[in-house]
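One chain follows as structure tokens, the form predicted on its own.
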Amino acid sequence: MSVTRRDFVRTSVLGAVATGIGAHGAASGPPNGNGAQGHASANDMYKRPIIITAHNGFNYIDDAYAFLKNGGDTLDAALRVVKGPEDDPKDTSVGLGGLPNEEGVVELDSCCMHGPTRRAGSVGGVRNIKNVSLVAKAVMEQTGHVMLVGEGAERFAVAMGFPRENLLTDHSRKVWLLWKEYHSTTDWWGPALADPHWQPPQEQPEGKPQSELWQERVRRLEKHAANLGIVPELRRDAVYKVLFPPTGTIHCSALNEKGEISGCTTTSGLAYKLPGRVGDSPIIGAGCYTDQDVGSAGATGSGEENIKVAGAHTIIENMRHGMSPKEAGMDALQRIVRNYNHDMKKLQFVDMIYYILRRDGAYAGVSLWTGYEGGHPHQIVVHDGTRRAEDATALFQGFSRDFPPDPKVPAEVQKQFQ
């Protein structure tokens, strides 16, 4: 019996994953841009309208769903979700209050794609403007360009009526100072994971049990947090953000009853990054990609790795050629794994979560690892009439570690932050 390339890819992906395919992402799709046919009843299997988003959109998806169900535009619905974290100073990975770069400056990135009109807009490295998701939409609607960056993007935003404001809240500034104290000998300079000469960190015996040494480090950090003026109820959270720097980001895709679909991704990027660093979030085809004929996908996690596999675009093309949402996402994750030749010593420092929505309403959330070190399992938030959070399907069981790497935090110390 002959085996097609598609059958081989599907078999390889499914064989590498220990979990089955859930009902929400298993079936083949409806007719797509290549003319491929799915099940005749596919449109009856899934609910529309539907919105999917990252977990930090949970508190904002109800309003967006009501707006979408009442006839609102799909991109405007997605923007209603991501604007919530952008406006929230307590969300330190997006917009106002985002954790800054290594120099203490907040830099924001975003892109959006409007399926019905097949347009896109993007901004990168923007300072002093809170709602960069809306600025990305303004680039799409008000210019002949697709992407603006840095100072030019900021000037454009001001010209469009967006106010300049200080995005570094007092709390984020103090967390940054705490990070500088703790990481005074480590930063983003040096070889990256892809460097052939990179070596994993070595545990240094210090005469005491590692758990005891880490407890002492946590206590020192908490004391220093107090000296910086961080209020008691926020000190443990500040220490957590130093030990486990958040990658943050929020993606949202929205699909209405007519089958129109749009997507948006926005972020403050890696905490304590090099100034000027731009990740995958504003890169159309990496952090977000929407094709009206097929669906929408977005990502959070290791932006550099996602850029190299054009993750969101890869997922859409996989679905165009017949893969289910879950299969398409797992294949993109396998490409990241392939880039490191399945070297688990390196892959433990990489993580990726994909949020995938097909135009018939089928969806999936997939991740490289179960969750981030010290955190909870990766989740995707769904609203199709019922709001809920669902665990993403992980390619590898276990929790990824932060990069640049520190000595591994013992499990008993991690539990203090869960």
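What you see is a predicted model, and the numbers here were worked out from it, not measured in a lab. Numbers for residues come from their place in the sequence shown, where the first is 1.
Form predicted together with a small molecule: not shown, discussed below.
- Proximity to the small molecule in the model of the complex, defined as a heavy atom within 4.5 Å, holds among G115, G97, G248, G125 only for G248.
- Proximity to the small molecule in the model of the complex, taken as a non-hydrogen atom within 4.5 angstroms, holds for one residue of G303, P325, G121, G295, which is G303.
- Heavy atoms within 4.5 Å of the small molecule in the model of the complex are found in exactly one of 130 to 138, 71 to 79, 273 to 281, 236 to 244, that being 273 to 281.
- Contact between G269 and the small molecule in the model of the complex is found at the 4.5 Å heavy atom cutoff.
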